[in-house]
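Taking the form predicted on its own, here's one chain by itself in structure tokens.
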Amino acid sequence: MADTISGHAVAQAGRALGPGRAGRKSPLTWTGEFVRRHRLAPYLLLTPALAGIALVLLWPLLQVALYSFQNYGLGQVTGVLPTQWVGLSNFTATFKDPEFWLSLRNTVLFAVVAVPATLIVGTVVGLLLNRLGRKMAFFVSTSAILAWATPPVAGSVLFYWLFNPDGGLVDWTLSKMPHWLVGSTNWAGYNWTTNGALQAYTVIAVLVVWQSFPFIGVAVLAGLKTIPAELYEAARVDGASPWRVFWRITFPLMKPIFLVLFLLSVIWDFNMFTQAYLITGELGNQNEYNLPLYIYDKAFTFPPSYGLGGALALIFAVILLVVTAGYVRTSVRQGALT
């Protein structure tokens, strides 16, 4: 009897709400079901981060792209002159400038030397740390991290003092060594920063490797800890040499880590500005420009040309994207990435 009365009451309530109102879902319930059905929860969680990236990176990139097609300088910034659209003139002027190609050559040659040197030194340090005891590994890794944590300005000033022609430690040491070992150059008072791009970028390469190898070493050490020890024990039982163990076990298993470290090193070395700016004596010698110095010179030296700087920035970004995409594609084909 009670069940009949309650059912009759529900039916009357449904008729009072009108047709379709009793089974209609709330907007919140419908939204939740839609998100679960289409598996949109991960994308919704990423939305705040993507919005931040768009605000901090994509909008400035769009502004730079707009400036690259304009003759944009102090007059446009202050509002004295109107916006002047010049099309591709900034790009064509860049490609016709011999200084651009010289700067690009210096940048590429520097990366060809500095990136492998950094990876090799960092990998050797990582392998060494993996063999040391806990206390010694902690001491060595802490000492190496100090070099990585040194600000680029402080490191550049330190190396400028070491290679200073007026009483620098490197020149003094080379001048005391026999000529058959260091050549016939008069090393006393030798100026590393003004005798050519080769000498200047030799100092910069040593500085960059010194500041970068600790990060590579710690990353390699972390990757080595993930490799099962049984693989190394089996290789030692089979009589494999350390070099064969590295190429047959360590390197294949750590290919994804080496790929990431390689790409980071390429990006860092291509964007190297502070060390080159201080070691080469700011903007004194155009033959020693790399791409960041060249962009800074064209964009910000008086009178500044922000439109030309925007075009150079886009060209620089495209170069890095091509290098990164090409290396990732090759690595995927070889099975380093899946």
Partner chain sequence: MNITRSAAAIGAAVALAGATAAIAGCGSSTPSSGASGVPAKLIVWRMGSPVASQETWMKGVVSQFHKKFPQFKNTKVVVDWIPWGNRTQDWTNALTSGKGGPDITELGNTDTPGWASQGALANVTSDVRAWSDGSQLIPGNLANDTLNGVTYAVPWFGGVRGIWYNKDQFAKAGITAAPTTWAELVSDAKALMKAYPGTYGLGAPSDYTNAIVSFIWGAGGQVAVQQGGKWVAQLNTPASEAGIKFYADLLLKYHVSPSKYIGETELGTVGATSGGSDEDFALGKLDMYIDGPWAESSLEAVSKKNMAQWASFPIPSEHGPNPAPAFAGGSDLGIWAKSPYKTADWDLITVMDSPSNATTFANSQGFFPEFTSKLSSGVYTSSPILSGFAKAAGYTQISPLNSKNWATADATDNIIPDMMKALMQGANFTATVNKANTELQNVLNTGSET
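Between two forms, the rigid core is defined as the largest C-alpha subset superposing within 1.5 Å. Numbering follows the first chain given and starts at 1. All values reported here derive from a predicted model rather than from experimental measurement.
What follows is about the form predicted in complex with the partner chain, which we do not show.
A.B. asks: Using heavy atoms only and a 4.5 Å cut-off, determine which of 267, 74, 158, 145 is in contact with the partner chain in the model of the complex.
C.D. replies: So the residue touching the partner chain in the model of the complex, by this definition, is 74.
A.B. asks: Though the partner chain is not shown, can you say which of 194, 202, 150, 130 has a heavy atom within 4.5 Å of it in the model of the complex?
C.D. replies: Partner contact (heavy atom, 4.5 Å) among the options: 194.
A.B. asks: Go through 309-317, 267-275, 31-39, 280-288 and give me the stretch that gets within 4.5 Å of the partner chain in the model of the complex, heavy atoms only.
C.D. replies: Within 4.5 Å of the partner lies stretch 280-288.
A.B. asks: Within 4.5 Å, heavy atoms only: does residue 137 come near the partner chain in the model of the complex?
C.D. replies: Close contact is absent here: in the model of the complex, residue 137 is far from the partner chain, nothing within 4.5 Å, heavy atoms only.
A.B. asks: Applying a 4.5 Å heavy atom distance criterion, does residue 296 contact the partner chain in the model of the complex?
C.D. replies: Yes, contact at 4.5 Å.
A.B. asks: Looking at the partner-bound form in the model of the complex, is residue 116 within 4.5 Å of the partner chain by any heavy atom?
C.D. replies: Residue 116: no, not in contact with the partner chain in the model of the complex.
A.B. asks: Hey, in the model of the complex, does residue 26 get a heavy atom within 4.5 angstroms of the partner chain?
C.D. replies: No.
A.B. asks: Quick one: which residues from 199-238 get a non-hydrogen atom within 4.5 Å of the partner chain in the model of the complex?
C.D. replies: Nothing in the stretch sits within 4.5 Å of the partner.
A.B. asks: Quick one: core overlaid, is residue 42 moving 2 Å or more at the Cα between this form and the one not shown?
C.D. replies: After core superposition, the C-alpha of residue 42 moves 2 Å or more between this form and the one not shown.
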